[in-house]
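A lone chain, given as structure tokens: the form predicted on its own.
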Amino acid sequence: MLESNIRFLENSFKKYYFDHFSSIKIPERSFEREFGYQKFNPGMIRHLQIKNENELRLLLIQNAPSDVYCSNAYYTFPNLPMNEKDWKEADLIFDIDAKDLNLPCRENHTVLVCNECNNVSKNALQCSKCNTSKLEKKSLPCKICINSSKTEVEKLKDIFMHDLGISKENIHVYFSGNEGFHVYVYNSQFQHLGSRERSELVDYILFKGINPETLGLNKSKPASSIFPNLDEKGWRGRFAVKAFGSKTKRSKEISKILKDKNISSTFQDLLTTVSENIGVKIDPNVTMDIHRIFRLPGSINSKSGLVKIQCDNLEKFDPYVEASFLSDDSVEILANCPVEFKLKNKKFGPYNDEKITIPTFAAVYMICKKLARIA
């Protein structure tokens, strides 16, 4: 990244942390957690222990980090190397990201940035200027992306409360600061689960590895009585709701399945279709990692300049208004952003390698996406 861009981002981020430190959410038992941060120049600083708000404030103001992290795990010695920390337990955290949803809209707001010369294109296998194939995808998510991610969050919350017995008060949802949401589960019976056990929980949430016999397919003795009812708990009930829709339709659909000569294949096709709607599209690696450090709530995401913020009303939450905290001060940039975007209810772009004067919050957004530079 150009030195002028780095200085501009550092100053903008530092001003945010100075003016909005009260927005930073200090996690419970912070002295038992590992903290870390990243600078705009490459390099991660980890294995830090933050004992109070004053220490965190000093870290943010002195270092002007690009990103700030905190572990989901609790340790006896969080500042020691990983094998000496003495792991105690870890909060459950789930990552839902629009890039994993395979949405057709992404083609309209994804661009390719050349890592060699910063040339921007919409569709290419190699850079039209320097011919390299080192192209990086940059997406400017739209409302469809955010709303689709919200749908996955609601599905996840429903499984938590109705299948796993987690109370609503212990489920916290955060906009990640870029393309999706982080869902935290606190004070649950799952705090002490290791990676292997969490992988089994992930399989349940993904609706992965289901055995057709569990859902009523018995090739030797097919009978309607062993297929799930709509009011059953867990996978069987969820399958019945999605596959049959109602009690009346259930009888008709099951009769159709039982009459089919190739009952196994027919049922497997139905299971494949239904699975897409039952499972929640989470990143499994995030949940299984009991030593991961996550973006600190209230901190800025350097991929966008937006803030990781808690969503008290997910349905009405608009990240491009509520998570944009940076200054309105005008700044002159050279923008090469072929996609229109909206921040703080203002439209920007598209720009074709042109000099413009815009608010700092919009300039930061484009610079973080590698679609602009300080003029």
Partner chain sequence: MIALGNDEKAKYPFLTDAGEYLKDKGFSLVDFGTDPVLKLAVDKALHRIKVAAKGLVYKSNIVDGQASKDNVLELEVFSFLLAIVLIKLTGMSTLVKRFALAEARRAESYLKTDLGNASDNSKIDLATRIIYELFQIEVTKDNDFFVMSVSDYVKHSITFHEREWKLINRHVENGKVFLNPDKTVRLIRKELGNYINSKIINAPKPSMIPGLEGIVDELITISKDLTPTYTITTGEYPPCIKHAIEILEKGENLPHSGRFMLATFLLSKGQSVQQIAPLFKNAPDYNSRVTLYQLNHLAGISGSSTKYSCPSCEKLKIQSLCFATSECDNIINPLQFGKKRTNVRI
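Numbering follows the first chain given and starts at 1. Predicted, not measured: the structure shown is a model, and the values here were computed from it.
Not on display, but discussed next: the form predicted in complex with its partner chain.
- prompt: Where, among 176-184, 208-216, 139-147, 246-254, do residues come within 4.5 Å of its partner chain in the model of the complex by heavy atom distance?
  reply: Only one stretch qualifies here: 208-216.
Heavy atom of residue 129 within 4.5 Å of its partner chain in the model of the complex: No, residue 129 is distant from the partner.
message: Can you tell me if residue 264 lies within 4.5 angstroms of its partner chain in the model of the complex, counting non-hydrogen atoms only?
response: Taking the distances in the model of the complex, the answer for residue 264 is no, it never comes within 4.5 Å of its partner chain.
message: Considering non-hydrogen atoms and a 4.5 Å limit, does its partner chain approach residue 74 in the model of the complex?
response: Taking the distances in the model of the complex, the answer for residue 74 is no, it never comes within 4.5 Å of its partner chain.
query: Is there any non-hydrogen atom of residue 294 lying within 4.5 Å of its partner chain in the model of the complex?
result: No - in the model of the complex, heavy atoms of residue 294 and its partner chain never come within 4.5 Å of each other.
field: Contact residue in the model of the complex, chosen from 199, 275, 170, 79 - any heavy atom within 4.5 Å of its partner chain
entry: After the contact test, the surviving option is 199.
Listed residue that, although its partner chain is not shown, lies within 4.5 Å of it in the model of the complex (heavy atoms), from 288, 112, 280, 270: In short, 288.
Non-hydrogen atom within 4.5 Å of its partner chain in the model of the complex for each of 189, 204 and 234: Checking in the model of the complex: 189, 204 and 234 are all within 4.5 Å of its partner chain.
- prompt: Going through 114-142 from first to last, which residues have a non-hydrogen atom within 4.5 Å of its partner chain in the model of the complex?
  reply: Going through 114-142 in order - heavy atoms within 4.5 Å of its partner chain in the model of the complex - the hits are 115, 133, 134.
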